[in-house]
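As a starting point, one isolated chain is supplied in structure tokens, in the form predicted on its own.
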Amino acid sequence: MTGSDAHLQVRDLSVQRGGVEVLDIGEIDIPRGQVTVVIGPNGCGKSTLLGALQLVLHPTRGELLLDGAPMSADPVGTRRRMSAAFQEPLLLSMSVQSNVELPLRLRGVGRDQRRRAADLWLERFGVAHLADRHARQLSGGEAQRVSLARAFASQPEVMLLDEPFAGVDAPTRAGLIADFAQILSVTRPTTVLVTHDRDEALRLGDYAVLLIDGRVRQTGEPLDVFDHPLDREVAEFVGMDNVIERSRWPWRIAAGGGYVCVRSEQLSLSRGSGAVVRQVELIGPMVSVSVDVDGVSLAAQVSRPQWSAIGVGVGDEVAVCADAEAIHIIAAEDERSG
């Protein structure tokens, strides 16, 4: 993506807290009308980046651009082009209807138009029947739906979302994400979504920015970032259960330095020999199995029926197989530079 395709641009950004630099970003281009997911471990700077984009955190260095113009040149005008929602819904002590109308009222929108917009977005998020209820009487899932309806009601160009689905139970979260994805597919605001959840990033994201220790470590399509990490630290964050030095990989592979990576669910087990079962752990409908292959420990994951069909236990031998397409090789620095 080129800078001309970007709606938001981050350039040479540094943010400090307590005199310590917590964000140091050379460049990010956020594409127009797409969902950019910002991922990374806790404390990596995801929420700090969002705070800077909201103009509530002030950088010690750098520039933030909206349509090529510095955001700081017109902060009030910039904020009016944006909406935000957070893990905590932050609803005010008033009715649901009044909460959704609030950003429009602050923009001077007339009463009838505010009412129509609030009705529309409450309906789209499935909470129109709660319009007259006080915000304090809502469940967590209901409150988050109202928060998102409020964010969309002003029809923003840019949506900034900080873990908006993390605070609700799993069934509620699944329904909320499904509704949210459908609404985004129609409205297409430029969206920056901070999340730590891999499935959420893959389901909603068009583009991914991965932060570690306040720095951008990898960008690209979410599936590419998750399946083709650039280094070991990124590989471990994106859930590559097996990150093995290439020289220790137990099967034939091209010589060189770096690491061989494969996810546990992409290793298959069957009756046979070649590996010794060291540990078995039941995790919901799946079975996590640790095996030893020529002194190398590998993690595999199979369904309970598959494990029962293999019919082995700790100390027994199994055969292990990995599809070549599932294996990702991280080259050593000297190989990449060459």
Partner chain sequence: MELIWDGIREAARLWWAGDAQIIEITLRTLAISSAATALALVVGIPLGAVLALRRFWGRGLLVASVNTGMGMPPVVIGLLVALVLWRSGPLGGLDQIYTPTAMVIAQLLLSLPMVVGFSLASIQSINPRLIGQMWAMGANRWQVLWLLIRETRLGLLAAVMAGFGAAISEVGASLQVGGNLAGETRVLTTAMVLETGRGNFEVAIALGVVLVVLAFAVNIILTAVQQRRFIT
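It should be emphasised that the depicted structure is a prediction, and the values quoted were computed from it without experimental measurement. Residue numbers count along the first chain shown, from 1.
Heads up, the form predicted in complex with the partner chain isn't pictured, but that's what we're talking about next.
Only one of Leu91, Val262, Met71, Leu184 lies close to the partner chain in the predicted bound form, with a heavy atom inside 4.5 Å, and it is Leu91. Interface residue among Ile212, Ala84, Leu130, Val168 relative to the partner chain in the predicted bound form, by the heavy atom within 4.5 Å criterion: Ala84.
Contact here is defined as any heavy atom lying within 4.5 Å of the partner chain in the predicted bound form, and by that definition not a single one of Arg278, Val293 and Val296 is a contact residue.
For the chain shown alone, Leu138 is not a contact residue for the partner chain in the predicted bound form, no non-hydrogen atom being within 4.5 angstroms.
At a distance threshold of 4.5 angstroms between non-hydrogen atoms, Arg107 is in contact with the partner chain in the predicted bound form. By the criterion of a heavy atom within 4.5 Å, Arg116 is excluded from the residues contacting the partner chain in the predicted bound form. Among heavy atoms of Val238, none comes within 4.5 Å of the partner chain in the predicted bound form. Picking from 240-248, 72-80, 212-220, 199-207 the stretch near the partner chain in the predicted bound form, with a 4.5 Å limit on heavy atoms, gives 72-80.
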